[in-house]
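To begin, one chain is listed below as structure tokens, in the form predicted alone.
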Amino acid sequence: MRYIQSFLILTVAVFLTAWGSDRNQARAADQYILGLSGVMSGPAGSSYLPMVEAIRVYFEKVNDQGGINGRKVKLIIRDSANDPLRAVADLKSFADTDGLNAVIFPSTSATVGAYTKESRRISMPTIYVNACYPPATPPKPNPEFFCPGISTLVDAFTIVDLLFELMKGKKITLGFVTSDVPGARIAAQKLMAPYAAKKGAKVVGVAVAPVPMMDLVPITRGFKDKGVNAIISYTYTHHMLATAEAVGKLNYDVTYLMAANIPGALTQMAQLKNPNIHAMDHFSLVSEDKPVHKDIVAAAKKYGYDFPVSDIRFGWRAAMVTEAALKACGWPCSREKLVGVLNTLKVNDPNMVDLNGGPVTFTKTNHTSPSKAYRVYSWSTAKNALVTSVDWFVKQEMDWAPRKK
């Protein structure tokens, strides 16, 4: 119900923004204008709506504090409903909006191809809020497309490295749980499993679950019966969490490692309270109470963030990068000038480092950041809280195969 209420609030806000846009054209030259096309409804909405809301909250805070370079930020929000055609329509509408500086794009991989074809044609500076892959990754990113997020290629290898960190000195008999979609299945079968075997693990197999499947007890029991003492799952959130639940139901003494950067995962871990479940993450915990975390908690309360506060981090980082780019661009800030700024942008202030484990850096050949910092969180029964079991573990971004033109 809270998610539905948030969506309704956003829908009303979008309508009012659109209604007021014509009346405020005279003031457009006095403010930065950002378009946001995001997945706020449909099955994927539960993952992306918290990101959209985080960005809204962030810029409400910025405006209350005086804006950027003395000018307020106007955020125009549209729901693409995970439809590539609607995402492109949003982009075209933003391109026709007088004074619009850039687009923030919290959306799934299903919409990226259509969107980036158009964004490149019109040279629209875009901050993508999701996992990074072409066209943001090296060696040849699109000039206008930037992604301050995670890297699926680097993640695939790093999650194996982190499992070995967790199980130092132990022989590993390993199983993988993934989803029956090409990206997740190929990553598990062609990247992670061979890499784990090369590092010395005995790989029992890769279990591929149909996307609609919600009960993963049979798959998990199969690994238990085969003597598997470690499981990795880096795939759809519902399959990772279903495996976590199965581990508890089976009273399975296994080291289970999943990813937890997408909204919802850390909250579920805290509910399960199972010390066998571990999560690879890209952010610090809000409970660490550093200045950036205090800022997050205060803004979430003041501006009505209607989700678990841990879910704000992904969108918050993207908003921090967007603010830094606009600040560096100055005033006036054309789209062409902003693209140039983004190509050499480095966001390394203490708040970013404390949240992200390191700076966000863009170069002309890498629009994702050369270094990625990872942590592993686990449940501590003694502390009745999530704790850090592997501290900041830094890996370098990798070159992806050059894309065909």
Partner chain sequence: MLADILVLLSIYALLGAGYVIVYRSSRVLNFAYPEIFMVSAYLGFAIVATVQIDPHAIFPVGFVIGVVAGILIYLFLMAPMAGQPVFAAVLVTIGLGIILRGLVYIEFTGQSIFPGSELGVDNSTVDIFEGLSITRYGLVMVVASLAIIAGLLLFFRYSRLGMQMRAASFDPKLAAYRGMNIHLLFAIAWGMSLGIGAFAGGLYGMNYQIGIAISLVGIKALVVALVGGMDSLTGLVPAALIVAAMEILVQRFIDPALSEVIPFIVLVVILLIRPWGLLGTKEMIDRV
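Source: prediction; values computed, not measured. Residue numbers count along the first chain shown, from 1.
Not pictured, yet referred to below: the form predicted together with the partner chain.
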Of the residues 249, 72, 202, 120, which one places a heavy atom within 4.5 Å of the partner chain in the predicted complex?
249
Proximity to the partner chain in the predicted complex, single hit among 154, 286, 326, 219 (heavy atom within 4.5 Å):
219
Even though the partner chain is not shown here, does it sit in the predicted complex so that 46, 207 and 268 each have a heavy atom within 4.5 Å?
yes
The chain here is shown without the partner chain. Which stretch in 210 to 218, 90 to 98, 190 to 198, 111 to 119 comes within 4.5 angstroms of it in the predicted complex, by heavy atom distance?
210 to 218
Consider residue 83 of the chain shown here, and say whether it contacts the partner chain in the predicted complex, taking contact as heavy atoms within 4.5 Å.
no
Is there a heavy atom of residue 340 lying 4.5 Å or less from a heavy atom of the partner chain in the predicted complex?
no
Would residue 180 sit within 4.5 Å of the partner chain in the predicted complex, counting heavy atoms only?
yes
In the predicted complex, is there a heavy atom of the partner chain that lies within 4.5 Å of any heavy atom of residue 253, even though the partner is absent here?
no
At a 4.5 angstroms cut-off on non-hydrogen atoms, which residues of 82 to 100 are near the partner chain in the predicted complex? List them in order.
none
